[in-house]
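For reference, the chain that follows is the form predicted alone, supplied as structure tokens.
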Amino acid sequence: MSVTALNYPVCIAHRGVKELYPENTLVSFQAALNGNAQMIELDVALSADRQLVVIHDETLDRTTDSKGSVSKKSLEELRKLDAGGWFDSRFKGERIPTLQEVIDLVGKDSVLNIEIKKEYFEESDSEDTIEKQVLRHIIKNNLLDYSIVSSFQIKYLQRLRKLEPNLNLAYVSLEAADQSRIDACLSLGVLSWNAWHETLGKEHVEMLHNAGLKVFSFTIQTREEFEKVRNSGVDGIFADNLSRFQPLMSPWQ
């Protein structure tokens, strides 16, 4: 599934199928593929030895059997941790995957929405910054039209746009849309505004659509939240359980 072939509105698998499987693991991403997800969202972080790993939090405490900062452990150390047993004993032994392992699993069967965590931003702009490594993985695997890179940190998007004019970008925001940030997104050729559902009203979605931006809303948990964002006219939702909302994703109009 390429970005240009997406059928809107899109139900996006948030960290895989995290309601039913341990988030950001290969088993969770496989469940998303089994559920015919058009798009799968994941989070990337840097290990102590500058390797790309897939995990949401800065620390290991919530989703592994260890504690401490992700960035303080080498890839070898991270690979020894159990990233599934905390969720359910059935998943004991699941590992923190590398970005390449997720790419190898998903391939071009679903769009990868790769969120770069703002905590890993570095002013130095060296050759092994997290955003440059993500871009190299995308290009190496011929995924320019099969991936979107998203972040709360617009500086990542600015750097990536200078490096690759054809990369699909998304700006993530907890704040309501305003013209200055919309203008910043337009100057970068951003594909979508990924918004917290609480900040989205119909007027915000219309403003973003009028600017030519797609609007994806996170993270929808209840039918009430779903109805609200559907009525606002969003182009897609992030959901922890595809099976709850995917059957409802017929065209709004």
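The first residue of the shown sequence is 1; numbering continues from there. Quick caveat, the model's predicted, so the values are computed rather than measured.
Unshown form predicted in complex with a small molecule; subsequent notes refer to it.
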Under a 4.5 angstroms heavy atom criterion, identify the one residue in His204, His56, Lys214, Lys228 near the small molecule in the model of the complex. His56
Identify, from the list Phe152, Phe87, Tyr146, Phe121, the residue with a heavy atom within 4.5 Å of the small molecule in the model of the complex. Phe152
Quick one: is Leu160 in contact with the small molecule in the model of the complex, heavy atoms, 4.5 Å cut-off? no
Val172, heavy atom within 4.5 angstroms of the small molecule in the model of the complex: yes
Contact of Lys117 with the small molecule in the model of the complex (heavy atom, 4.5 Å): yes
Please tell me whether any heavy atom belonging to Phe245 falls inside 4.5 Å of a heavy atom of the small molecule, as the geometry stands in the model of the complex. no
Specify the contacting stretch among 181-189, 205-213, 66-74, 35-43, defined as having any heavy atom within 4.5 Å of the small molecule in the model of the complex. 35-43
